[in-house]
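Just one chain is shown here, as structure tokens, and it is the form predicted alone.
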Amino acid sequence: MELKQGDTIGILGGGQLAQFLIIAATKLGFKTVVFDPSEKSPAFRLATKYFCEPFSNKEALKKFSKMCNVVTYEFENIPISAIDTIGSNCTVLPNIEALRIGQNRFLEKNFAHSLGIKVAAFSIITDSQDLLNFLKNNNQCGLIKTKTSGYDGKGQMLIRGPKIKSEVLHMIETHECIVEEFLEFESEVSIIAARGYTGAVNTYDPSINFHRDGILISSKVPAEINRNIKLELALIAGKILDSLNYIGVIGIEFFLTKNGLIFNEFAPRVHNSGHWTLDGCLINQFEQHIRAISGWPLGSTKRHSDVIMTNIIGNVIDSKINGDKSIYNYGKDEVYKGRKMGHINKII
């Protein structure tokens, strides 16, 4: 399949990632249709057309899918049932298996482990005794996480010591959870990679990432890591993409420890830690994703500039930001704590 000028790309989700995908699709001559339940979705302003309907509305999903030549998504917490409905009329990329694994932390860890990729110790927990047993075998320290719907630090808690707090017990009782070994790591690194219809894989330079309260604060390229680690990151990305028969862009996060790379998670979509590519590369991650799902050849991932990307979180975007920074305002109407309102890129 190769899309041509005037064909339509559908996007599930209407946030900032959808906005950038629309800009990239428009640049390449495609129309866009966005489907999102929120009437305040910022991507609605840019899309050729949009549907403001819940993901449970099968009739709306069918109508949406019949308008599209291909459908993609901007976040991984899309109900699988919605993809099933759309898939009867239109190709969805990345494929449903990548989405199914990417939205479930337990499946994700098992998947990486099955490929021989190093992961932290992990286990499903159904009650407090499961948790106590895990902590006993892992230095009385761990991270409890919901199996699904976790992002930006949501759905996880750090546990230190054998005493289990009431908040943790409530989390176990009300959600399906896993617990992971707590790792002491030197840094978090991520890699953005893409795979096209031919099976070709292109990777961007890895970034080093900085977080606060589980939310990405900034990403910097080049990452100050050795050549062997960079090569290992690219090889792991290729292994994951090929195993999933993946089409599109993926973001993969790792912890860099004294024992080497430890897989953390992947996002089957364009990723916040790849925003630096908007000013650091000729072909950014969003255009790369559109190229991939459209059946076009992948573009160059060569970095022409060193960049530090900084998220603007929970603050009104100040027009007085220095003139040597590239400002991206997502146009969200409400400002609140922990919400990503925009980001800036600075050439360093």
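Note that the structure is predicted; figures quoted are calculated from it, not measured. The first residue of the sequence shown is number 1, and the count goes up from there.
The following text describes the form predicted together with adenosine monophosphate (AMP), which does not appear among the structures shown.
Every residue in the set Leu183, Phe255 and Asn264 has a non-hydrogen atom no more than 4.5 Å from adenosine monophosphate (AMP) in the predicted complex.
For the chain shown alone, Glu188 is a contact residue for adenosine monophosphate (AMP) in the predicted complex, at least one non-hydrogen atom being within 4.5 angstroms. Among residues of the shown chain, Leu143 is one whose heavy atoms approach adenosine monophosphate (AMP) to within 4.5 Å in the predicted complex. Although the partner is absent here, Gly214 lies within 4.5 Å of adenosine monophosphate (AMP) in the predicted complex, judged by heavy atoms. Contact annotation for Asn95: none of its heavy atoms lies within 4.5 Å of adenosine monophosphate (AMP) in the predicted complex. Segments offered: 244-252, 206-214, 70-78, 220-228. Contacting adenosine monophosphate (AMP) in the predicted complex at heavy atom distances within 4.5 Å is 206-214. Of the candidates Gln156, Asn138, Ser123, Asn104, Gln156 is the one whose heavy atoms come within 4.5 Å of adenosine monophosphate (AMP) in the predicted complex; the others do not.
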